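Here's a solo chain for you in structure tokens, the form predicted on its own.
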Amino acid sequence: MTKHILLMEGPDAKGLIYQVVKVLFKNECNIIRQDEYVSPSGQFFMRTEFEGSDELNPENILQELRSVVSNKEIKFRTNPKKKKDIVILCTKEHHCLSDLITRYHFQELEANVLAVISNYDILEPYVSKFGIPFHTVSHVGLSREAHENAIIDVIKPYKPEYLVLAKYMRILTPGFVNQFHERIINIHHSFLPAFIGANPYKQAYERGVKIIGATAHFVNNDLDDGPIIAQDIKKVSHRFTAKDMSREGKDVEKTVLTKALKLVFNDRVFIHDNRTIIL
């Protein structure tokens, strides 16, 4: 038996769950888990994890669902339940990258790390120990667009499903983001929407905050304003310097990024109106 995930979203209507269950039953599939949500605006979201024979063609399931559901605004898609292929981008900081690679090495990441790309070669010795290709694409002497085009040339042969920004400290242009629409995940070192941009711990220290946090989100064309996937916080006090906050915040960043990636890689995240629905 092969496991699959069926994702469905669109205007709510009577009988939607019934139609899905009916089609899966007709194809001798077994539903393992099913979650659904209807937003206040009447938008329906459903995630169904099911298993069928190894000969089952998921595309046939989709065609049948589209034929029995009259509202053509409702979207269906299926994904095999498998590890996602990813490429990681980083700069100089190691904490998020090393955490991901360690989890990958011990098969806890639910993803295949195809390569790591950086604009510096500082982290290459560490990454190479795990047999993961490391590409240094320097930004020195290049325009932002030229640098990003060079990165895209490195990424394309890997055909990743997602890009993970593990403390990649460069702002991406709309041209780059649009090539990987809703497939770039970033970890930001603050509890967004507070303290966007650079030096958030310095900003937090100057404001005398009592909590610091981290936010994992999809990247869009607005700085640190993409749909939020996961967040967490840690309490601090007036005794903390900006450096103390930065040190403590790194642990939160690792935890939040890992949590977000687990949700995304398990196809539990829908994006709707710059928000996420997590089932």
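Numbers follow the displayed sequence, beginning with 1. Values in this document were obtained by computation on a predicted structure and should not be read as measured data.
Another form exists, predicted together with another copy of the chain; not displayed. Remarks below refer to it.
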query: Contact check for Pro157, Asn178 and Ile271 against another copy of the chain in the predicted complex, heavy atom at 4.5 Å; finding: no
query: Interface membership of Arg207, another copy of the chain in the predicted complex, 4.5 Å heavy atom rule; finding: yes
query: Contact of Gly226 with another copy of the chain in the predicted complex (heavy atom, 4.5 Å); finding: yes
query: Contact test in the predicted complex: Tyr126 vs another copy of the chain, heavy atoms, 4.5 Å; finding: yes
query: 4.5 Å heavy atom contact, Val68 to another copy of the chain in the predicted complex; finding: no
query: One stretch from 178 to 186, 162 to 170, 97 to 105, 142 to 150 that, in the predicted complex, holds residues within 4.5 Å of another copy of the chain by heavy atom; finding: 97 to 105
query: Within 8 to 22, the residues that have a heavy atom no more than 4.5 Å from another copy of the chain in the predicted complex; finding: Lys14, Gly15, Ile17, Tyr18, Val21, Lys22
